[in-house]
Each structure stands twice: as structure tokens, then as C-alpha cells.
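In C-alpha cells, the next block holds one chain alone, the form predicted on its own.
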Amino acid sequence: MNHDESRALYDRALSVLAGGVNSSVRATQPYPFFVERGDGAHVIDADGNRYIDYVLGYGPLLYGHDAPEPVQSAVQKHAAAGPMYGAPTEIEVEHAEFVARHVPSVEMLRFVNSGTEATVSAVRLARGVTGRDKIVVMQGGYHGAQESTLVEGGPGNAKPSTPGIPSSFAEHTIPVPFNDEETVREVFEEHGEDIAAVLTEPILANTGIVHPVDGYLEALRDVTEEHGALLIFDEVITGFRVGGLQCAQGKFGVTPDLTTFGKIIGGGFPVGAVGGKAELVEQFPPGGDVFQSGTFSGHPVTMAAGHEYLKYAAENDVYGHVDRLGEKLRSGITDILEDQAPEYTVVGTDSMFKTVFTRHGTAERADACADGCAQVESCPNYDVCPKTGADVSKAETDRWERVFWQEMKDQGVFLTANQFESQFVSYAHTDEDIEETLEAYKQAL
């Protein structure tokens, strides 16, 4: 493939953008290709190269790059009427009503502008309503670029994970390993009166994709209730992708106190939301005292896109299509890797997938894990499949980024460029796309 135009654009970008990009995950080696346009399940770069797209904007593009006609019409209608007003509009009420009807935890919402803003607001709300300061988070979990959760270490030695955050912030954050019920209970025994909330993704969706082991989410629900703390599910990635319209909390049957949303809920436009029990969410102004506000919150174009996105999914077999293709893709990759690279784990569920180049593994899989690790104890690979963010970090991450991703790109398949980010299937993908992708996997491996 020729990438001369992308290289020239990157040279220009390096002069005016930090690192030549506006999000660090886009800074691929040796330089990123620049996308000119999308077409269904594909993107076309500045040099005219065409790729099957499984990045999909890092999750929000449930329909690929050609949104259904009702979505496009709604966006055009609201954009033409006026970009925004600084006043309420009917469409934000309709969108909130739809979400509240379908997501188990949601009685009331506050829309914001990004997943980061949603988790920032949820943490502040939890602290405000409980009068406590400490937040328990999962090692390897990601909740956006906020000071309260950009930490590393363990329960007794948390520290900021990036320069620019005072160490005092980490004093109020307790990182624990995902899937480790014992450590969570020990933390609550020691700090229970000071813990405002446990904040977790129901699936570690930004770190390889790690499923909860049987009973783990239920244990978090129990321990938070026992100690008067809140349980917050970060469903920015899993929301309206895992578990359909009920999200991952519906799939797993565990209802949190608060849920954060982003990505799909805005139909491809910048968005975030905090939803949950009315008695909690109404503590935001003007009804309560926990400050939250935003000029672009509830933006009418975003609300229209998100509302029509979800309505279309409710009225058509969107999830049946994307989940079937996701299963076909994961199952096909599993078969290929059993023959060619048994030290691996295929992970994911519904329309999410990833291959983790673990350093240990077996060629055997339980039937329940035939299309991706489901943390089934009877599976011969159970003891070595990733159960925490640290397990994924120990994988051959350089092999993914420096070798495998490059090879797949050269074969016209666009995957996320590091070992950690999830990949997605869209409504625009076809069985032919899946077959072509599996052939690329065979060649790349």
C-alpha cells in the first residue's frame, strides 16, 4: 500500500498538533494513516487505500459509517434548525425517556459531553451524596482522563499514573485487581466508612476485554450495600453494545446505583451521561447541591442522533446481526489460533472482540469458550486466561503493535493499534467481511 499522502499530512500535523494527533491512541507507528471518508463498514485513507473497519471510532459507530436514514434525517433537521440554544429542547427529554425505559438502573439522567465528563460527574455525585471521599477502582480499568482514577499501584500504595496529578488525589483512590473478591472485601473491612463508591466497568472493555468471573459483580453489589457505598458501572463502552438495549448490567443481571454512558448513546457525536436512581441523580443542581453544568450538555443534534440510533435498534434486528457476526468472528479466530498460535486468548462478547497474545495457554477450549473467553472454570485454559488488567499488560503487547497490527493493516483490515483497546463489529459488516478478515488473520499469524 502507498501511504505518501498520510505521511505528508503527519509531517504537517507534527508542527501544529501535540504528537501530530488529538488523542494518543491514534499515534500509530511509524505514522498513522489519515482517513478521508467512511463507507459502510470500511474507511478510505488519504491515499485511497480501503480498510475493513473494526475500530469504528473506538465504539460509537454501531451502524458503521452509513447511519440509517432516520438518523441522518434527524441530524440534518436539528442542525438546520439551529446548532444549539442554551435552553432545553424536546429531543433531550425524548432521549432520556427512551434510555430510562430500557436500562435497568436508570430512573433519571443528566447528559454531559464525554465519557470522561460522565465519570467525573458520577464520582463527584457519589462523594456528595455519601459524604465520603474514597473511591475503589479496578487496576487496568479506564474511566477517562480524570484525576480521581488515573492511578496505579495497589490498595496500600496508590499513586498517580501520569505527571500533572498531585499525589494527594491518589490518597482517596483505592485500586484493586478486577475479579478479586477477597481483596475488595478486605478493603471495605479497613476503609468501609470512608468509601463513597466502587467504580468499575462490568467488563474491562478498555484493557484487552476481561470478563467478570462468576459471582464477582454480584459480590460488588453486596459489599457496597453492606457498607452504604454506591456501585457505579462505567458503561461508556459496553452501553448499548453488550446486552442490547439493557446494556451489560441487563446481560449480567446486576443493577448498579449509577451508570455512566458515552459513545453509542450519542450516535457518533460527542456525548456522555450519568443515569441512575432518581434520588441520587436529582442531587445535581438545580434540585440538589452537587455541582454539575455544561454549555453543550444535551446538545440537540447529539440527542437527535442518539435517540434515532437507539430507536432504530429497538425496531430492527440490529443486535441479532452484530452479535451473530461477532460470534462468527471470534469463533473463526479461535479456530485459526488453535492451529497456528495456541498461546493466545480470544476475548469479547456480543459485538466486541480482541485477541490477546498471552504468554501461556493451551490449544483446548471448553465449548462455552469456543467464541471467546467466558471465564468458565471447566475450560482447560481457565488458569491462564486474563482475569485482571495486569494479566493483559503481561501479554506480548509489542508483538501486537509492532508486528501483527501492521500486517493486518497491510492486508486492508483496520484494528485498534494496541493490545488493550477493544474492537467492534457494526451493522454494516457482512459475512463476506468476516470471511475476508479471517483470511487476513491466517496470513498475519
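Position 1 is the first residue in the sequence shown; the rest follow in order. Everything numeric in this text was worked out from a predicted model, so none of it was measured.
Quick note: we don't show the form predicted together with a small molecule, though the next part is all about it.
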Among the candidates T183, Q139, T116, T255, the residue which, in the model of the complex, approaches the small molecule to within 4.5 Å (heavy atoms): T116
H143, R330, R110, H211 - the one with a heavy atom within 4.5 Å of the small molecule in the model of the complex: H143
Contact check for E201, N206 and I237 against the small molecule in the model of the complex, heavy atom at 4.5 Å: yes
4.5 Å heavy atom contact, K263 to the small molecule in the model of the complex: yes
Options 89 to 97, 160 to 168, 228 to 236, 125 to 133; stretch whose heavy atom lies within 4.5 Å of the small molecule in the model of the complex: 228 to 236
